[in-house]
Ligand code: HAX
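What follows is one chain in structure tokens, specifically the form predicted on its own.
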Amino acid sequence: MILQEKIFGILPAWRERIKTLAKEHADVVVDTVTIEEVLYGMRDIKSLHTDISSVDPNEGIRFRGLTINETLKALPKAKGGKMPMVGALYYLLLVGEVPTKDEALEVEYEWGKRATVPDYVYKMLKAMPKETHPMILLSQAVLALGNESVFAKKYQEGMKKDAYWEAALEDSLNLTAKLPVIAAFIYRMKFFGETSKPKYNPKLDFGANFARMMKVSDKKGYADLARLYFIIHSDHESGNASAHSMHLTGSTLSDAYFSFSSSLNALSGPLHGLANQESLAWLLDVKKQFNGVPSRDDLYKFAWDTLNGGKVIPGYGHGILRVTDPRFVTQLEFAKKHFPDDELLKLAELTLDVVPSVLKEQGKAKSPAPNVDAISGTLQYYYGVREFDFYTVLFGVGRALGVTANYVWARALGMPIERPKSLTTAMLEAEVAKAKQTA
């Protein structure tokens, strides 16, 4: 298998780099911690390690050093499409190199071999109450797949530590191959009452398969949107809740299924993955209020009314970025190319013009620019995916690519269990007193 061969070849050098840092430079100070950071979510504390992606406040995410635009230009495209194969992105994340078309197709081939979902997973999903949230269904399905974990089985057999990553890679490929099938089944069952099993076509790529199994649109471009969506949602360094949850769970040597289920559970929160549906809901509310696209002045007033009512305008502002999210930009460009006259798209563009200025005037937001969530729902809505509760499932399928790549490399480099130290309020107050005495 090409991914195993490639990682096996480059792994010794990576292990040596980590060993050198840990043994020869362990005392080098990277960052300091303040009481504010301890009390308010450890924001921006430099304490996690990953080579899969990084986020620069002024330019956005880089996948293995490549910006969003560079990634989309460099990766080989899917047959009949304008967007790269998802398998090409997975190769890049795991190996750290831009694949050739043949190498990307080998990843797609691996997924095609592994995409069959066990019958017991379908039975479990069909047995759940009709009102069950799609993210609960997805998380349960992932946990159920753990029955087939290669890592868990080999660990029980006494697998050597140096081989952990190989079993982790097997689980990760099996999991990512099945996710689009499971997601499409959940969508058709939950919202349309269909219980037939989706069939993954090994002759098609990951994105085209997902589009076909969803059966959502006869409009051109949904396969390319699926490819784009999964690529740009794949990773966002290690500090976000879904990525960190998988890393933390995986550090206990839980298999990829346990670990990714915890990642999905974190993604389900309104402060994380749920934000995409809230952003679309706000746009639709505006459209309903004004029976279409309002004037700039009307939207300006509506935005202020939202803020003055104690609410936020979802999709604007970001914990790290201080510029417009490149993931927003690439989706906007996709929409303008495929459906420039769509009324909801025009409203999203007007919102881009108005809301940042309103947030600047208010003066509370560190970054008034839009993030990825501000427009992602708009694109899905155009193609007929209008069931808001499903949007985070889409996010989850994409996010699996990045977090499993991180999971494989964490096992390859022998990352230890994560165990930070806690402080009591009294301890913090003692630190304040000590600082005052030495000031």
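Note that residue numbering follows the sequence shown and begins at 1. The shown structure was predicted, so the numbers you read here are calculated from the model rather than taken from an experiment.
The same protein also exists as the form predicted together with the named molecule; that form is not shown, yet it is the one meant from here on.
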message = Would you classify residue 391 as touching the named molecule in the predicted complex, given a 4.5 Å non-hydrogen atom cut-off?
response = no
ask   = Is there a non-hydrogen atom of residue 146 within 4.5 angstroms of a non-hydrogen atom of the named molecule in the predicted complex?
value = no
ask   = Is residue 271 close to the named molecule in the predicted complex, meaning a heavy atom pair under 4.5 Å apart or at it?
value = yes
key: Partner proximity in the predicted complex: residue 275 to the named molecule, non-hydrogen atom cutoff 4.5 Å   = yes
request  = Go through 157-165, 328-336, 95-103, 362-370 and give me the stretch that gets within 4.5 Å of the named molecule in the predicted complex, heavy atoms only.
outcome  = 362-370
ask   = Are all three of 311, 316 and 395 close to the named molecule in the predicted complex, meaning a heavy atom of each within 4.5 Å?
value = yes
ask   = Which residue, 281, 307, 323, 248, has a heavy atom that falls within 4.5 Å of the named molecule in the predicted complex?
value = 307
